[in-house]
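Have a look below at one chain only, the form predicted alone, in structure tokens format.
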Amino acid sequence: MKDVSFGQYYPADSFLHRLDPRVKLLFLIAFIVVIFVATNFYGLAVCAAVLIAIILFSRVPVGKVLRSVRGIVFLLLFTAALNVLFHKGDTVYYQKGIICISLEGIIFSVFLALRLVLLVLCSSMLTYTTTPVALTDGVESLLTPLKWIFVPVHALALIMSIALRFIPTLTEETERIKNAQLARGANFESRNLIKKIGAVIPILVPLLLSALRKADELGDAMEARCYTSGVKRTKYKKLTLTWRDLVAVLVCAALIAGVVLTRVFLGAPY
């Protein structure tokens, strides 16, 4: 859980930190769509170039950003192995039964792995450069039209904000429980899958109880402060667009145009 980057805000005074959270949310959505629109490595190269610029302008340490990828290493290896072994192509290196290792399969595996890495990194940059409160305000503002059909937008935004705030707390709680279990002689290093699953249970049960207890305490604290859902609430900080947001919109438009052009003119997949 140390590799979970969602909700882990990195304080800094950078160009990205000062952007409007609504612009950052829309940029992230556009970035994710563009990654799936890209059908060749040239398109992914454009996305990677924009992402590198974002990381540099954010002033977030590169090592910290790259650590967010460690949480999906197993998924990357698993999907890559499946595509290498079962993706059929014209240039076959080895084939036996349903197993087929081809040049096209290897290329597709690399392409898919790069796509997943870009997805994780761009999502991590949103939470690294945006506080949970600002993110909640941005989501609530973007979902304002849903209020016209009586959707509880504020409640949904509040739930998201609380969930993001609880991630670092649960991470610390997990580490504390694990250390306590190790002190009692628990073994988490066994290579036996059944024993590994059995060793996780002494962590999950206290963690679940701790999460329920913290949720109950949070509910009591909100009631003690006379919090009422469904009423019109004022904002201490009002979201306003600046020239930085205009620059971000232009960069987003250039990104979309660049990927679309690579797909149209450079054509062939991968």
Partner chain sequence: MTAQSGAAFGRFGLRGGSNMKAIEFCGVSFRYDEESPFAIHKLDFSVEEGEFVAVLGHNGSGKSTLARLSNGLLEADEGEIRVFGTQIARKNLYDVRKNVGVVFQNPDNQTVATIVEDDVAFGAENLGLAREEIGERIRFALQAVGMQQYRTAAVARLSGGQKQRVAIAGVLALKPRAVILDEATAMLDPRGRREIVEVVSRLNREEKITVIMITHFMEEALLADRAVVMNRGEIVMQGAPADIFERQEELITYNLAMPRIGYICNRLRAGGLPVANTLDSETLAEEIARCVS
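Residue numbers count along the first chain shown, from 1. Take the two forms, find the largest set of C-alpha atoms that superpose within 1.5 Å, and that set is the rigid core. Please read all numbers here as calculations on a predicted model, not as lab measurements.
Just so you know, the form predicted in complex with its partner chain exists too; it's not on screen, but the next bit is about it.
Chemist: Would T131 sit within 4.5 Å of its partner chain in the predicted complex, counting heavy atoms only?
Modeler: T131: contacts its partner chain in the predicted complex.
Chemist: Test of understanding: in the predicted complex, would H87 fall inside 4.5 Å of its partner chain by heavy atoms?
Modeler: Close contact is absent here: in the predicted complex, H87 is far from its partner chain, nothing within 4.5 Å, heavy atoms only.
Chemist: According to a 4.5 angstroms non-hydrogen atom cut-off, is R233 in contact with its partner chain in the predicted complex?
Modeler: Yes, R233 is a contact residue.
Chemist: Looking in the predicted complex, any heavy atom of R165 within 4.5 Å of its partner chain?
Modeler: Result yes; R165 sits at the interface with its partner chain in the predicted complex.
Chemist: Within 4.5 Å, heavy atoms only, which of L241, A221, A45, L204 is in contact with its partner chain in the predicted complex?
Modeler: Answer to the contact question: A221.
Chemist: Choose one stretch from 104-112, 132-140, 67-75, 91-99: the one whose residues place a heavy atom within 4.5 angstroms of its partner chain in the predicted complex.
Modeler: Partner-contacting stretch among the options: 132-140.
Chemist: Align on the rigid core first; then say whether the Cα of E173 has moved by at least 2 Å between the shown form and the other one.
Modeler: Yes, shifts by 2 Å or more.
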